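The chain below stands alone and is given as structure tokens, in the form predicted on its own.
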């Protein structure tokens, strides 16, 4: 049985960590690091970031995920890889089970040496024979969904709290907010800015705006469906499974407004194709499409190029980092809402100002800070002072620890700085306009990350480590000879480290 501290009690298995325990938690952390390195950051973030080890017993590792779709996708596409990687770390692991956290969902087990299940049968065999990549073997539709002809099109519920009225506007999000309101309230023929594409990092407000659009459009009597990427993929796969794909697609294309969140997670050849067809059909029919992602369309490298082009053909708006004035406004609004429910809760302007200055990452961390201050005040019965605020939000203050820089971030910044695309840097192109930024990006990857030369080469389009070493040495030499280039590289370093 897994211990709370990440170790597992084991009386009958080797590799003990003294006292009859084995540290499977550390082994699982190594497994996830290997999966991240082997599959790349995008694939790992999409499918493995939320995969957790629950227990190990009798040679079986039980893993859990938060959704049924994620469970079925991992089982259909990656279970053998996870088993092989885990077994390389812990030899006695012979089986993998995947379950859904908080449910009694059935699990599928893969055992070392067991024959692989046929990934497609019945109505989906032709799709797989044609190279379609959809999770089929482990999809177990919920009874309600299986009973509904054409799949479940109820969409993901809108959060009643996330409206335009509760959205705090600042310099970084004003354009996105204005475009969202215009789209939601449009009453004329056709659609505006179609598609409207919002992109931003975590916790900067893009999902809030999507929910706001959905609420306002429904109040105006429009037929709206809000879907996360997971829900879109699950609905389509389930429709295929129940042989009702045509009905599902017709119903999806019969709405007035489609809102799709986290489009970067859409995976699979057939699902991407259907997503592209749906977007095209809605836009061509004058129906509104709103899409959100954590990056611009040009950087959605997992998506088909035609889909990326269509997404970028409307209005693309970035929500940038929160400035201090906006953080103060968000914090003030949140404190006022909490104070209305807890009249005795009080935070001085000095403490509020400190929190707004210290927490710079995103709005979710600001809300987390307010919750911690409230917990302190209500549980201890004492006033919130500067000292208690510092202790409460210590782990939320990002600038107290060095920033972890990712190779993908380096590639994006260098590409933007030198007016090329990230795909150019990863390509085989040898023009001077591409080679120089590619070598600078390789150099920065070597000096700002802990990645090895072979790993850096793999992240740059599968290049050999000698290519990376040549780039590093060349940029080092040029920096010593060219002060302008030296200043440019130093600026890039500071921008990545800030």
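Numbering follows the first chain given and starts at 1. Just so it is clear, the model here is predicted, and its values are computed rather than measured.
Below: the form predicted in complex with a small molecule, not depicted.
Do residue 363 and the small molecule come within 4.5 Å of each other in the predicted bound form, heavy atoms counted?
Residue 363: contacts the small molecule in the predicted bound form.
- Task: With heavy atoms only and a cut-off of 4.5 Å, decide whether residue 89 touches the small molecule in the predicted bound form.
- Result: Residue 89: no contact with the small molecule in the predicted bound form.
*Should residue 278 be classed as touching the small molecule in the predicted bound form when contacts are defined as heavy atoms within 4.5 Å?*
Heavy-atom contact with the small molecule at 4.5 Å: absent for residue 278.
Does any heavy atom of residue 201 come within 4.5 Å of a heavy atom of the small molecule in the predicted bound form?
Residue-level check for residue 201: yes, a contact with the small molecule.
Quiz item: Which single stretch, out of 164-172, 269-277, 304-312, 407-415, brings residue heavy atoms within 4.5 Å of the small molecule in the predicted bound form?
Solution: Of the stretches listed, the one contacting the partner is 164-172.
task = Spell it out for me: taking the small molecule in the predicted bound form, does every residue among 195, 256 and 285 have a heavy atom no farther than 4.5 Å from it?
result = Judged in the predicted bound form, none of 195, 256 and 285 sits within 4.5 Å of the small molecule.
* Asked: So which of 83, 420, 330, 352 reaches within 4.5 angstroms of the small molecule in the predicted bound form, heavy atom to heavy atom?
  -> Selected residue: 330.
Though the small molecule is not shown, can you say which of 376, 208, 231, 215 has a heavy atom within 4.5 Å of it in the predicted bound form? Looking at 376, 208, 231, 215 one by one, just 208 meets the 4.5 Å heavy-atom criterion.
With a change of at least 3 Å, which way does the C-alpha separation between residue 273 and residue 76 go in the predicted bound form: closer or farther? Farther is correct, given that in the predicted bound form the C-alpha spacing of residue 273 to residue 76 is increased by at least 3 Å.
Task: Pair residue 78/residue 274, Cα separation in the predicted bound form versus the displayed form, closer or farther by 3 angstroms or more - done: Note: Cα gap between residue 78 and residue 274 widens in the predicted bound form.
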